[in-house]
Ligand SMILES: N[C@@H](CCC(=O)N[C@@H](CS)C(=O)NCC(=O)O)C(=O)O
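Below sits a lone chain in structure tokens, taken as the form predicted alone.
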Amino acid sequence: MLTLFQFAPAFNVPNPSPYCLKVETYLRMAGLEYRVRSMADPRKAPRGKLPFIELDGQLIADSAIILRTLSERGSDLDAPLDAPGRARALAIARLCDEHLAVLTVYFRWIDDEGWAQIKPAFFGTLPAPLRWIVPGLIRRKLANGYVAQGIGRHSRNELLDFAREDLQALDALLGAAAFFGGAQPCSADASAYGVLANLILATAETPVNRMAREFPRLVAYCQRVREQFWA
């Protein structure tokens, strides 16, 4: 059986990581059997990040590679799509994975409002003195990574403008359809739900969470996916 290794649930969503939630949502949409193993320390993962899966004795890391592997093994949510439809699904997934999810995590871990909620949720059970030392070390490492990536070089308002543009684009791409795949979900829906649920349904409060809830179609979309695949 396929085993999914990921963080434990938090903030009233199945997973606080957009990428972990993406993979598990794909598994549910594809109707695959799986089991979950929760991990607290991603440094023990094959590439130092979660999620990863174990499938037929092989460890497969990175959410995009996981979905590609599942697709190649016969669980392809994009099978009904034509070539332009597959290209559209990929573009939506990249927007969610490589930009909006990054902004979501930034405003949780780097922005002070989000950090005030993340710190006790992730590190509150650590014994002293680790809970006084470890959170700051991890936060600084993430902040340095964001500077190297480029997002950390922008002002707070510029980052919020980016987030609004991403949400506006997703709202327009969804339109009146039930899913980003149309009447049925495609691979883009796994990525979209992974990040949008962490913005719209999660109890963690950041400026981006509040912004996302201003889009009624995206709110209804999250509720629809939750009811159909997570009830």
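Residue positions are given as counts along the sequence shown, with the first one as 1. The shown structure was predicted, so the numbers you read here are calculated from the model rather than taken from an experiment.
In what follows, reference is made to the form predicted together with this ligand, a form of this protein that is not presented.
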Quiz item: Would this ligand in the predicted complex be within 4.5 angstroms of a non-hydrogen atom of every residue among Pro9, Pro14 and Arg37?
Solution: no
Quiz item: Should Tyr19 be counted as a contact of this ligand in the predicted complex, where contact means heavy atoms within 4.5 Å?
Solution: yes
Quiz item: Contact between Leu50 and this ligand in the predicted complex at 4.5 Å, heavy atoms?
Solution: yes
Quiz item: Is there a non-hydrogen atom of Ser187 within 4.5 angstroms of a non-hydrogen atom of this ligand in the predicted complex?
Solution: no
Quiz item: Is there any non-hydrogen atom of Lys141 lying within 4.5 Å of this ligand in the predicted complex?
Solution: yes
Quiz item: Asp62, Glu205, Asp171, Glu54: which sits within 4.5 Å of this ligand in the predicted complex by any heavy atom?
Solution: Asp62
Quiz item: Residues in which of 42-50, 174-182, 24-32, 161-169 have heavy atoms within 4.5 Å of this ligand in the predicted complex?
Solution: 42-50
